[in-house]
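The chain that follows stands alone, in the form predicted alone, written as structure tokens.
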């Protein structure tokens, strides 16, 4: 059985980060190990949430793993809340990754042209440095802009997307995939660049007019699970895009559905079937 290390926070209530990664990747038949960077009572869309920084626990945990000779087939990073956590993630890559290890980096730090609260240009630079270690990196357009210095645009064309990918290829040596790319009205998807093979790929599906916290975590987790099941990069991203859209639509069917996250639990059966069909 393949084993994935997921490095991100735990929100006890609300569907995001580890509480999405652990069940989703596990349901896809892959052992999922958590390294929690922080413990929150809820995710940050709630008011007055509690927050416990776990940064000081990360090195002791990984030192114990080294003594036990625990190894990983993939290392997956999501939201990293501080500069120190980014540096620790780099150290983990160096100490646990081999040439065969998939390093999947989602450099979560902003959206809609702005960085999230508490982050600055220096944080973006450190994320850029982290992405030099990635086999696959999956920034959205905002995050790519902050890492490349390309001005953010609300309206864009394919030439602009390729300009961003060219900027990412200056420090990423693997595969750079932009998420949330809309190349036509009513569609959204991904646009990727396989840097080593100088090859572009993209996938668009129907855009669902709804927004839920944690959909990016669902997308990335499904992608990682699919890659560990042997799907090609393109097929893995296609599966993740389609399943994320399906799950949003499923959530919208329930008029009393929670605003704090998608009902990914309701679509596990369809995810496993889609995975079987894609193999």
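Bear in mind the structure is a predicted one, so any value in this text is a computation, not a measurement. Numbering follows the first chain given and starts at 1.
FYI, the form predicted in complex with a small molecule isn't displayed, but the following is about it.
One stretch from 234-242, 249-257, 37-45, 22-30 that, in the predicted complex, holds residues within 4.5 Å of the small molecule by heavy atom: The contacting stretch is 37-45.
77, 123 and 130 all contacting the small molecule in the predicted complex, non-hydrogen atom within 4.5 Å: No: no residue has a heavy atom within 4.5 Å of the partner.
Among the candidates 190, 161, 108, 168, the residue which, in the predicted complex, approaches the small molecule to within 4.5 Å (heavy atoms): Checked against the cut-off, the match is 108.
Non-hydrogen atom contact residue 16 with the small molecule in the predicted complex at 4.5 angstroms: Residue 16: contacts the small molecule in the predicted complex.
The small molecule contact in the predicted complex: residue 116, any heavy atom under 4.5 Å: Result yes; residue 116 sits at the interface with the small molecule in the predicted complex.
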